[in-house]
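What follows is one chain in C-alpha cells, specifically the form predicted alone.
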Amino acid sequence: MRLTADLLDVPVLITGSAVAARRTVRRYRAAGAQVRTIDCPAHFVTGTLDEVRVVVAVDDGDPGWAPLAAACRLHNVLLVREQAALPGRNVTLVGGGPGPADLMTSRALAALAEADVVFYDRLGPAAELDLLAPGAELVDVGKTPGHHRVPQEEIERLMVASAHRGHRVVRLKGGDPFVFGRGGEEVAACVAAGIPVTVVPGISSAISVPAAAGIPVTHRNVSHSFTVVSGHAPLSTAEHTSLAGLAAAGGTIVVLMGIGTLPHLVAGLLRSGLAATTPAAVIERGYSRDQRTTNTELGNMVTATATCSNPAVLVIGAVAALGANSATTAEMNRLAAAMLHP
C-alpha cells in the first residue's frame, strides 16, 4: 500500500542508526517535515512521543526498539515502519524510458528511491526527480546535440568518485542505457574502478515513440524487421550500417535524434534506390503534451519537416503510413493522450 501525506511542518521522529536511517531522514526533510532523530534505543524516552505526530521506525536490526510500537499506541502516535538503507558504494544505470515516470519499471523507481546521488540527462523523467529521488543530490549532466555540458569522461569520473565515497549512485538516462546511451562505456569505467554496477533496462524511444503515434515498427505482411540507427552523425557509405544497406534491407528504418543529419540521410537513401514515395514520419517530443507527428514521404521529407526539432524519432518505411491512415489508431491516440494528460 502506498500513501501520500502532507508532511509540511509536521513533527516527525525517525528512529534507527544514523547509517540505516540516512535516506529516510533525507526523504522526510525533503517533504518539509520537522525531523527529529534518535539513533539508539538507550536514548529513547516515552515522553518524546508527546512532541511528535508521526514516528518512522527504521529497522536497523537492534532488538532494543521492540517497546516502541506499544509506546506509540499508548500515545496515539502514527507508527510507520521502514527498511534500513541498503549499503552504498555502487552504481546503477537506469533507463528512464521515453519520458513519463509511469512508463519506468518498478525496479527503476526503486533504484531512484534509494539513491544518494543521481546523475541525469535532459531526456527521461528529469522534471520529477525531486519526487522520485527525494533528498538525493541531483546532478544535471545533460547533453544536447552538438553540446555536452559535462564531457562523457567527466561523467564517468564523477560517478566513480561518488561511489568511492560510499554513495548509492544512479545514472539516469532516457530510453534504454544500452541503446545509443553510452551505457557500455559507463559500465566499463565502473568495472575498471572496482565499483559494483548493475543495469536497469528502460523502454527504448526507438520503439515506444513511434508507438505513441500509432506506428508499429513491425507489422504483419508489411514489415518483418526494423533497423535502429543514430542520427547524431551522418552515416558513411563505408560503414556496415551504410545508407545502401539500409535502403536494401526492406524493413523499417528508425532514426534517433536525426533531425540535424536528415538531408544527408534522405539524399543517401534516395541515391541508394529507396523510392521517393516511401512513407515517412517524424515524431517530436514523444509522450509529452507537445508531441507532434509529421507524416510525409521520403522525397518530401526534408521540406515537410523543416520546422521539426530534436528530440525526435524518424520512421521511414511502409509502417509509417499506418498511424496516419487509421481512424482507429487516431482514436486510440486521443484516448491515450487524455489518460496521460487529463
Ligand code: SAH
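What you see is a predicted model; the values in this text were computed from it and never measured. In case it trips you up, residue 1 is the first one in the sequence shown, and so on.
Not pictured, yet referred to below: the form predicted in complex with the ligand.
F180 belongs to the set of residues with a heavy atom inside 4.5 Å of the ligand in the predicted complex. When the ligand is considered in the predicted complex, G299 lies well away from it, no heavy atom lying within 4.5 Å. Using a 4.5 angstroms threshold between heavy atoms, T252 stays clear of the ligand in the predicted complex. Proximity of G175 to the ligand in the predicted complex falls within the 4.5 Å heavy atom cutoff. The partner is absent here, but in the predicted complex a heavy atom of A312, alone among I316, V55, A33, A312, sits within 4.5 Å of the ligand. This chain lacks the partner; the member of L123, V197, L138, A84 within 4.5 angstroms of the ligand in the predicted complex by a non-hydrogen atom is L123. In summary, the region of this chain contacting the ligand in the predicted complex, judged by heavy atoms within 4.5 Å and restricted to 167-175, 84-92, 106-114, 153-161, corresponds to 167-175. Taking the ligand as it sits in the predicted complex, the stretch 22-51 never comes within 4.5 angstroms of it through any non-hydrogen atom.
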